[in-house]
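Below you'll find only one chain, the form predicted on its own, shown as structure tokens.
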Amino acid sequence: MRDLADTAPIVQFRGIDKTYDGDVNILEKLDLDIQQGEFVTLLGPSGSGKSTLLMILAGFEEVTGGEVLLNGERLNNVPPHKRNMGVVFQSYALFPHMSVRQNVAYPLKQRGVPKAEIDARAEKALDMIHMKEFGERMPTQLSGGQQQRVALARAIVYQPEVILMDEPLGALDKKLREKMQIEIKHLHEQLGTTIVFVTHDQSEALTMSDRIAVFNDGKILQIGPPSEIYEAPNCSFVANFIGETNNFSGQVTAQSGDACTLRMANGAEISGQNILGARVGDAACMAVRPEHVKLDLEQVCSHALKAKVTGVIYHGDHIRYELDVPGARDVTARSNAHMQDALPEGQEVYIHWDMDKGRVLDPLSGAEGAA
């Protein structure tokens, strides 16, 4: 990831509120800076406010309170066509009566660019998305992935300051979606344009982003590089929404510096990082990624938990173990061992993890359990 820490923000959201009925807030006192050349993904479940924020930036939605700035200039009352932003939608939104080349050239034509320049820039944009030979085809003659490429070319052809993408890959199948993720990432590196990308797909966000802003209930819960969001979630919602996580609920019984001990309902005790400063007596939840769970046939440390292997699933690059752990639900572990070395179903084991891999966070809610 590029170092953008010293660059000035190109986009700024200041105290953004959004409500449609004056009662329920879709966004609430939201602040966010996006830097020049950054690829920022707004990630969250449906209804979390991420698409609403993107539409506010595009000018298709008005704020109830707060302000939006582009290069330090207030955008609140600026219409969409004067914001110099390219928008790519999930539905592609291509003109069916225009050829591919005409679709790509349309934004330039609307801006009064001379014809010779329009032709040259449209050709260059098509070349960048590897669609030069499809210029005379109609959108109905293209696959979904090809149509999305054309929509992307149309968004970049007039060199906007910011490109906005609202679930642009949602209609594609898994294999094509993954291919387009890499293509968009490479295109971003080539152009250096600021991209704001909305998705509910956490794998997509981890693959493509410089930074991820995790949304829930109209608020940003955490923002940071993909590795930080995955390895160092700051709350139970983020830990469970990003990737797979084991949750061990209990009560804090001891606290020492950055660490604390959690007693589970069955009396077993485990230790981890005290991320939110929990105190003795507080309810809390420890989050541990499956790849950090270690399995042993003997108890190798005092805080190891008894478990039984209930499922062994081969994934090619790893083995997934499903485990029955008293006092916890749906515990899994991952191992890079070969299948012939896998533990059998029914095997009794002890599980443990390094103290810094267990993150003691807020108590788990029902919504997070379902994420």
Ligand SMILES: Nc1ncnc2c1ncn2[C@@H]1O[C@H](COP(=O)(O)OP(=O)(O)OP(=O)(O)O)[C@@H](O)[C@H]1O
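Just so it is clear, the structure is predicted and the values come from calculations on it, not from any experiment. Numbering starts at 1 and follows the sequence shown.
If you look for the form predicted together with this ligand, you will not find it shown, but the lines that follow are about it.
A.B. asks: Could you tell me which one of G37, G66, G327, P45 places a heavy atom within 4.5 Å of this ligand in the predicted bound form?
C.D. replies: Result of the distance check: P45.
A.B. asks: State yes or no: in the predicted bound form, is some non-hydrogen atom of S51 no more than 4.5 angstroms from a non-hydrogen atom of this ligand?
C.D. replies: The answer is yes: S51 has a heavy atom within 4.5 Å of this ligand.
A.B. asks: Can you check whether E167 is within 4.5 Å of this ligand in the predicted bound form, heavy atom basis?
C.D. replies: Yes.
A.B. asks: Quick one: does R211 come within 4.5 Å of this ligand in the predicted bound form, counting heavy atoms only?
C.D. replies: It does not: once this ligand is placed as it appears in the predicted bound form, R211 has no heavy atom within 4.5 Å of it.
A.B. asks: Does this ligand get within 4.5 angstroms of any non-hydrogen atom of I26 in the predicted bound form?
C.D. replies: Yes, contact at 4.5 Å.
A.B. asks: Looking at heavy atoms inside 4.5 Å, which stretch does this ligand contact in the predicted bound form, given the options 327 to 335, 340 to 348, 299 to 307, 51 to 59?
C.D. replies: One stretch meets the cut-off, namely 51 to 59.
A.B. asks: Heavy atoms within 4.5 Å of this ligand in the predicted bound form is the criterion; list the residues of 200 to 227 that meet it.
C.D. replies: Counting only heavy atoms within 4.5 Å of this ligand in the predicted bound form, the single contacting residue of 200 to 227 is H200.
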